[in-house]
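Here's a solo chain for you in structure tokens, the form predicted alone.
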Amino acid sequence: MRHVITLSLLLYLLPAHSRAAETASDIIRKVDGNQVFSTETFKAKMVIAKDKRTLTKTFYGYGQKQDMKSFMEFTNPEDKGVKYLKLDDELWIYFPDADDVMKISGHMLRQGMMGSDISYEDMLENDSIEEKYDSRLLEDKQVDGRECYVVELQAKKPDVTYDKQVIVVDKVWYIPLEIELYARGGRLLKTMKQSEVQKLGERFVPMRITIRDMRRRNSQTVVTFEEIAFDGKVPAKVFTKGYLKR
């Protein structure tokens, strides 16, 4: 009897991922859950490197998860006053020099925001991973000494930006540390790396994101969050087209 009790205690004390293997769906639900928030406020810097040229842009913004709204305003001198507004699956940009608001649609969605490796299509991603993709586990790997799951995601429908993704998920943080994004024909389109993870409240947040568009030569975009906060009050007026021209 003593041996049975000891074995039961040892099993109880082992980490959860050792006691019961997690399925791909379990992992994706936790990844989605780590990104759940009511509101978001942020201040960030974006460095775009192309060949030997480097552009640095700064911006701040707000997000509202439930209604899928977000607002961004650039503050660096070259782009000061340029604003973006996303309402669900629609995106507008305001150019202060022309005092004009333009809706971004059609082929323009594939262009890089401010010449970066982040497309406007990427900005419009709204749904959870589980809603859009079927998932399966691949062989585990380590990233910078951290144990990670590797999950392959295959699109359920043809109308998604990326037909397949391979994401490398930290086993403790449930944050994708590496992401590969593929076209329907199997071509690797983009890679993303998330790092400098901080714990904010009960949530783990990557403060640095590095994006490479594999269709461009010698191109890389690094976004670094200088400030970020969740679930606080945000000004509702910023989520209106009228506010763009204020």
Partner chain sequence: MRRWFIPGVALTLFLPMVSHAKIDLSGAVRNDAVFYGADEQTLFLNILENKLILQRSTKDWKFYSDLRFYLYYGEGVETPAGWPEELEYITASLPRAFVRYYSNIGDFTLGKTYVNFGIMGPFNIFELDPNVNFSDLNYTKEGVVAITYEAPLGDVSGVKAYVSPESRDTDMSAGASVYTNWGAFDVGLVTGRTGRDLNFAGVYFKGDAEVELQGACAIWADDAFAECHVKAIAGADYGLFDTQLLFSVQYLYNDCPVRPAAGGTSTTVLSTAVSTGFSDRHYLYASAAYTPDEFFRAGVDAFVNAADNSCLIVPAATWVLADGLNLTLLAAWPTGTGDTQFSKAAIGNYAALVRVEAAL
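Positions refer to the first chain, counted from 1. The structure presented is a predicted model; accordingly, all values stated were derived computationally and were not measured.
Below, we turn to the form predicted in complex with the partner chain, even though it does not appear here.
- The chain is drawn here without the partner chain; in the model of the complex, the stretch among 98-106, 146-154, 130-138, 172-180 whose residues come within 4.5 Å of it by any heavy atom is 98-106.
- This chain is drawn without the partner chain; in the model of the complex, the residue among R203, K50, R212, K45 with a heavy atom within 4.5 Å of it is K50.
- Proximity of T56, G115 and T240 to the partner chain in the model of the complex is complete: all three residues have a non-hydrogen atom within 4.5 angstroms.
- The partner chain in the model of the complex comes within 4.5 Å of a heavy atom belonging to W92.
- Although the partner is absent here, M123 sits far enough away that none of its heavy atoms falls within 4.5 Å of the partner chain in the model of the complex.
- Using a 4.5 Å cutoff between non-hydrogen atoms, R184 does not count as a contact of the partner chain in the model of the complex.
- Within 4.5 Å of some heavy atom of the partner chain in the model of the complex lies at least one heavy atom of P77.
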